[in-house]
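Presented below, as structure tokens, is a lone chain in the form predicted alone.
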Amino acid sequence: MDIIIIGAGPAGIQAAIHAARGKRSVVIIGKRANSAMYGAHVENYFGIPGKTDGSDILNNGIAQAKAFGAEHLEENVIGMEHSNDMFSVTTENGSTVTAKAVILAPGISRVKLNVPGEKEFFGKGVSYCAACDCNFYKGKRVAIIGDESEAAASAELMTKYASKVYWVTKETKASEMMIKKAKDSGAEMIDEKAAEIIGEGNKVTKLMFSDRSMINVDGVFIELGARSSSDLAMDIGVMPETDGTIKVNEKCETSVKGVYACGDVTGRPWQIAKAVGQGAVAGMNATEYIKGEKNVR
């Protein structure tokens, strides 16, 4: 494969269209439902009078990309690696894809739980990134909250650090493989809905559920959705900014050769027009990069 594109939103799809038109082998990895456009009303966008359904735009875009030869894996990404100028991506169903270049277009995914105590104890036991903060919870009790692959992967990860890991999931959407890995690692699944994060002073002490029952915990990791852009970027050596965005130049290049980023992950404004424009830039420049690599060889 020449180019892997992470994210099936407007930026990633537009990047795929340009790269595939450039005769590169391209795969988009991501679920359309993870895009902020999915199910949303779109208006004030060039060529579209009034309002239209964002899901229709995404579906049409995927069809366009496929028509030019791109592939699409409707899966979440759980890990990435960079070795010997090649990039490998692992999905929640165990698939592995390798390519010479990567375009990061996963959007922004720090989804809030919106329960009492979440805001008050952020940074004091509440975290949105297990991979970032795992070292702070060695020998402690933690809860992972979330229904998708990121929560499952985080639950498995935290069993390597914490003394006890609870995975709180009311409507599990992770793949069977990810669920099995979390269970086999020793994480205890709790079929309840988190209702409140409770603490004393400057630290989390308990997690309360909708039925008013509680568990004692030192940390709560809120992992709602797929792996965040920050986590994925760090997997391949790209260091995000403090706000989780990824810095790029005018060619949408990151600090790592062969890695590009576009769309919401590069920062404001969070607009479709900007995402599509950057997607085109990233797709064209990744295509030129691959062409240059092949000429060198």
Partner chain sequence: MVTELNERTFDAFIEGNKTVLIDCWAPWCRPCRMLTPIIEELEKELKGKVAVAKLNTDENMGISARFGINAIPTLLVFKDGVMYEPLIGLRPKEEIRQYVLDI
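Basically, rigid core = biggest C-alpha set you can superpose within 1.5 Å across the two forms. Numbering follows the first chain given and starts at 1. The structure displayed is predicted, hence computed values, not measured ones.
Heads up, the form predicted in complex with its partner chain isn't pictured, but that's what we're talking about next.
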Note: its partner chain not shown here; in the predicted bound form, the stretch from 208 to 216, 188 to 196, 173 to 181, 118 to 126 having heavy atoms within 4.5 Å of it is 118 to 126
Which one, 86, 224, 132, 97, lies within 4.5 Å of its partner chain in the predicted bound form by heavy atoms?
132
To verify the annotation, which of these, 44, 242, 249, 60, has a non-hydrogen atom within 4.5 Å of its partner chain in the predicted bound form?
242
Is residue 137 close to its partner chain in the predicted bound form, meaning a heavy atom pair under 4.5 Å apart or at it?
yes
With heavy atoms only and a cut-off of 4.5 Å, decide whether residue 253 touches its partner chain in the predicted bound form.
no
Given that the partner is absent here, does residue 33 sit within 4.5 Å of its partner chain in the predicted bound form, heavy atoms only?
no
Would residue 264 count as touching its partner chain in the predicted bound form under a 4.5 Å heavy atom rule?
no
For residue 204, state whether the C-alpha moves by 2 Å or more between the shown form and the other one after rigid core superposition.
yes
Does superposing the core leave residue 91 with a CA shift of 2 Å or more between the shown form and the other one?
no
